[in-house]
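Next comes just one chain, in structure tokens: the form predicted on its own.
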């Protein structure tokens, strides 16, 4: 890593990020956060904490470069990010998914794409307060320039579950106008007919 110009501390940061995501998953599921400090007799690999500690110490001895090439990485990942975020949300890991969205937002700000994904996450969990927050994030995503028709679908479904029928109808009708051949068009039409 040092020879390539990458910051050598990035190796440790990967494991630290993984542990923080695992913590968020555990908290989201109401479980105790648990870090294993040493490997068991039958373990074939060191623990995440051991790896992070060892790699941080090694990075201190060999500093390496300062360019993590994050901008290039983000540009290469950009076409796939919507599908990756949608797959993450389908994992039913609210704490971990919200952590990942927050980490991405810390890096690049709350873009329309990230706000939409957060709206989808909260709508999927479906608590009454979550549905209100989802509606806000969908609107913020639209204000940030996110224009995918699925935004109107998510907004309409969240508003419908919040009892805001007229606003929901408007959003769902906009979705159907943009995607008349959507796989869920019949279901949305049935919701609008009621």
Partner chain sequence: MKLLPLLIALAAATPAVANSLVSPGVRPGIARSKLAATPVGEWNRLSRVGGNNVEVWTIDGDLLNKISFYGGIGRGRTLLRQVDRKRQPLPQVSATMLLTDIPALLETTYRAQGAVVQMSIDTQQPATLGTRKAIRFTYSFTRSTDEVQRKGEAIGTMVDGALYLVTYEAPSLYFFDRDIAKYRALLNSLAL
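Numbering follows the first chain given and starts at 1. These numbers were taken from a predicted model, which means no experiment stands behind them.
One more form of this protein exists, namely the form predicted in complex with its partner chain; it is left out here, but the text below deals with it.
Note on contacts: among 139, 69, 161, 169, the single residue with a heavy atom within 4.5 Å of its partner chain in the predicted complex is 161. Contact with its partner chain in the predicted complex holds for all three of 92, 123 and 186, each having a heavy atom within 4.5 Å.
Residues of just one listed stretch (59 to 67, 24 to 32, 141 to 149, 46 to 54) have heavy atoms within 4.5 Å of its partner chain in the predicted complex: 24 to 32. Contact between residue 191 and its partner chain in the predicted complex is found at the 4.5 Å heavy atom cutoff.
Residue contact check for residue 157: one or more of its heavy atoms lie within 4.5 Å of its partner chain in the predicted complex.
A residue is said to contact a partner when one of its heavy atoms sits within 4.5 Å of a partner heavy atom; residue 77 fails this definition for its partner chain in the predicted complex, lying far away.
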